[in-house]
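Form predicted on its own, single chain, as structure tokens, below.
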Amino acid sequence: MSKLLTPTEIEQELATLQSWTQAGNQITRTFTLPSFPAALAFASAVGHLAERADHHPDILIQYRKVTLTLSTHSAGGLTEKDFHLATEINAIA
């Protein structure tokens, strides 16, 4: 099981991530894409990253917007897995 991060560690990790915010024991970011098909393609690409990492975000698609929410449910909060996947997602955005 992954170790929960402390509030200080979470703050440090968030400082390195563009546009992700914390809401309770999860982090979230909304991406705006140029079209609905682009939003679907982005969500699919995120799905492939998540499957490879065996760590799956909640994905909400609203027309051109894709909102991703990350939390390590098995650990009950935020772990390094969340921030690693968020970094990978930012790299493909």
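A quick note: this is a predicted structure, and the numbers were derived from the prediction, not measured. Heads up: residue numbers just count along the shown sequence, starting at 1.
The form predicted together with another copy of the chain exists for this protein as well; it is not shown, and the discussion that follows is about that form.
Contact between Thr30 and another copy of the chain in the predicted bound form is not found at the 4.5 Å heavy atom cutoff. At the 4.5 Å threshold, heavy atoms of Leu60 reach another copy of the chain in the predicted bound form. Using a 4.5 Å cutoff between non-hydrogen atoms, Ala53 does not count as a contact of another copy of the chain in the predicted bound form.
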